[in-house]
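Given next, in structure tokens, is a single chain: the form predicted on its own.
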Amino acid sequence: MYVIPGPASPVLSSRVATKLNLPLAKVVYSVFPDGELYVKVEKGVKDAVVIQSIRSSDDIVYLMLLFDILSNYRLIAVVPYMGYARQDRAFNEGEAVSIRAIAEFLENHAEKVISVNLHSREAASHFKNLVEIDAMTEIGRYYIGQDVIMISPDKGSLERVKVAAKVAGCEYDYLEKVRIDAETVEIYPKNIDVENKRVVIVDDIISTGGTIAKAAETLKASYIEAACVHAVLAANSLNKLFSSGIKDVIATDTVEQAVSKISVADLIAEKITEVCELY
């Protein structure tokens, strides 16, 4: 069995291959002048683990071409960051349920799909053969021994933050919106006084950075940083975070960024081993 690195996840793929002691396949990815994509996998690759996060439409096309090349062999698809998961239902009439289409596409080609922290239970429900990994434990391990308070940006994300805080052995809370008057809403921690404390705002995804930035601007803490599993960081979101008072951003390598200081390679390697032992 080989590990095939998708162009969105080359570093993570290499780390997983090393953990599993599997060969890392040589793959050529290129773009024709008209924008069409090209993929070539080295000869001799048969059964494989394909590792490719989905951040863009190109990432999906690359997966489609890889699946075509390997259509006669056993495949496990590892999609560390599952794009399109936020459109997990039709919010308005006539909308596509994007994650349902992605799930069908992946499961038509791979016997198992492994992913990390899908955005919602609703998104996960569209898969039949999904193995999901919770990387909040790794965020917690990163902060073991550090004097921090973990804050969820809202009550809906509190359960995720609890997981990280339990591993780190630190206090945690969530932000609550309090309406002062018809035009003013302020945000406070629900139960814990964070003034003059080191605070880590924890979430599953940082995309535009707007939620985290607004939270940072309202907290009266001596030091604020942000931690997440998926650092999508669209447009100028990183600048937005630092401008809001965030001193550091810590993320995993499900999306490979400069802030990816935590690896999920161990977790993914363990799940691949478990899946392979079942067959």
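What you see is a predicted model, and the numbers here were worked out from it, not measured in a lab. One rule holds for the numbers: they count along the sequence shown, beginning at 1.
Here the subject shifts to the form predicted together with a small molecule, a form of this protein not shown in this document.
The partner is absent here, but in the predicted bound form a heavy atom of Ser157, alone among Ser98, Ser157, Ser125, Thr137, sits within 4.5 Å of the small molecule. The small molecule in the predicted bound form is not approached by Thr218, whose heavy atoms all lie more than 4.5 angstroms from it.
Using a 4.5 angstroms threshold between heavy atoms, Val113 stays clear of the small molecule in the predicted bound form. In the predicted bound form, the small molecule lies within 4.5 Å of some heavy atom of Thr211. The small molecule in the predicted bound form is not approached by Asn129, whose heavy atoms all lie more than 4.5 angstroms from it. With the small molecule left out of view, the stretch that reaches within 4.5 Å of it through heavy atoms in the predicted bound form is, among 140-148, 201-209, 166-174, 87-95, 201-209.
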